[in-house]
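Below, in structure tokens: the form predicted alone, a single chain.
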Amino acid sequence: MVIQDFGISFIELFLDPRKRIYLGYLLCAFAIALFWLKFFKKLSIAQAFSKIFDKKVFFSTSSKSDLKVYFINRMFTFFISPLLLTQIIVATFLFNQLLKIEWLSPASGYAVSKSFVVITYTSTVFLLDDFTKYIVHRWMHKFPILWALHKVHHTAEQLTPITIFRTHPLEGIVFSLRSAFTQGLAISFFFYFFGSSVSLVTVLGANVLVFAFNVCGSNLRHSHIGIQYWSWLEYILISPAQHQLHHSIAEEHYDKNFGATLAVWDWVFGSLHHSIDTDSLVLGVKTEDVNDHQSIYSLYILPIVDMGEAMKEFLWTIVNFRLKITQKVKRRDNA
């Protein structure tokens, strides 16, 4: 039974419409890529097919590592997921805390139409989820302890839809907790204020806005097809080319385009970079201390070693800061 469950775990993401790499979404991405290459890049159908299914991309060492990480992480998730904090636990806790606030009025005090609640709840969940993804992603690049984990994703030298799963398991836990907190926060507040009228607009079980994003080619963000949007639209939505630029090793592209779906957050917080032609982009990370970014050691062990080094440096900074404060106090007392 356990072996059978393992097998289901490996393929379930391709069959679940709530997941990015659902086969239906992959087919949509293929159709969009074919249209782009045919009508915008002026390639023949044969050339477009050859470009989309480029053997140099899908059979590269980097892409093989993506698959390796995908299978290892699925086994890891199989055992760890039951132990993680869930949105229901978070929602229950926050809901109970809201009940303790005397000056707040619960559901009975807010008479609004059910359609308004449903639309507002669906939009809020989507926006809150996308915003927290932006924040955590930005932290992953800013703080050395988190970058040690996130760097695994950026060591991909070729991008395919499977690259989205090229993450260290500890980063997966961070984003799982983010999701649990975000979903739990929205659930608790809406159920407190609007009660049983709360529900989510879904298509095939997915938030309708997430469904639309996936149908419109979300998988192309991790691909070698550099689709660019109009300049004005790239202030609102992250184009595939914008995310591919995020993976570039060029210094002018560092810390740009953190957004998952919306580019608005990057625009507001100053990290937006419009797309460019991606054919000449070199992807990956520039490090002199690692010869092979695709090895099991580099993908799983080295990030933990780097986290330890970053933690030691952080603690040493705190110690030095406290010493400086102590010395200043002594000099003031002796003055």
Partner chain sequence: MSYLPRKLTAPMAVASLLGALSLADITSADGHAMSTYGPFPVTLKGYTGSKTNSVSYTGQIARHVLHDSIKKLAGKGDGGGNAASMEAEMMAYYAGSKKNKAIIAPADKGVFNFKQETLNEISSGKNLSGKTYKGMINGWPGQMTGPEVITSMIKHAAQTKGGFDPSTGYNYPQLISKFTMGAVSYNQAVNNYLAGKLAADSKPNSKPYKDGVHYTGKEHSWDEAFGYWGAAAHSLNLTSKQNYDIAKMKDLDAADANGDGMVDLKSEYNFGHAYYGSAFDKGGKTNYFNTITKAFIDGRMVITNAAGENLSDAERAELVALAGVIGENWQKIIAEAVFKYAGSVYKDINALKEEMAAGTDTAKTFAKYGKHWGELKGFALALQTGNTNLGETAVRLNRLTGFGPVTMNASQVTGMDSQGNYIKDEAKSWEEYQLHMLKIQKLMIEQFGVAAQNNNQLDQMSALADQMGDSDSAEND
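What you see is a predicted model, and the numbers here were worked out from it, not measured in a lab. Residue numbers count along the first chain shown, from 1.
Beyond what is shown, the protein has a form predicted in complex with the partner chain; the following relates to that form.
- Residues A91, G172 and S176 are all found to lie within 4.5 Å of the partner chain in the predicted bound form, as judged by heavy atom distances.
- Taking the partner from the other structure, the partner chain in the predicted bound form has a heavy atom within 4.5 Å of a heavy atom of S81.
- Mapping the unseen interface onto this chain, K19 counts among the residues with a heavy atom inside 4.5 Å of the partner chain in the predicted bound form.
- Interface residue remark: Y121 is counted as part of the site for the partner chain in the predicted bound form, having a heavy atom within 4.5 Å.
- Contact between F191 and the partner chain in the predicted bound form is found at the 4.5 Å heavy atom cutoff.
- The single contact residue among T155, S248, Q183, T132, judged by any heavy atom lying within 4.5 Å of the partner chain in the predicted bound form, is Q183.
- Checked against the partner chain in the predicted bound form, the residues K256, H150, R138, H224 give one hit for a heavy atom within 4.5 Å, which is H150.
- Residues H243, A260 of 234-266 are found to place at least one heavy atom within 4.5 Å of the partner chain in the predicted bound form.
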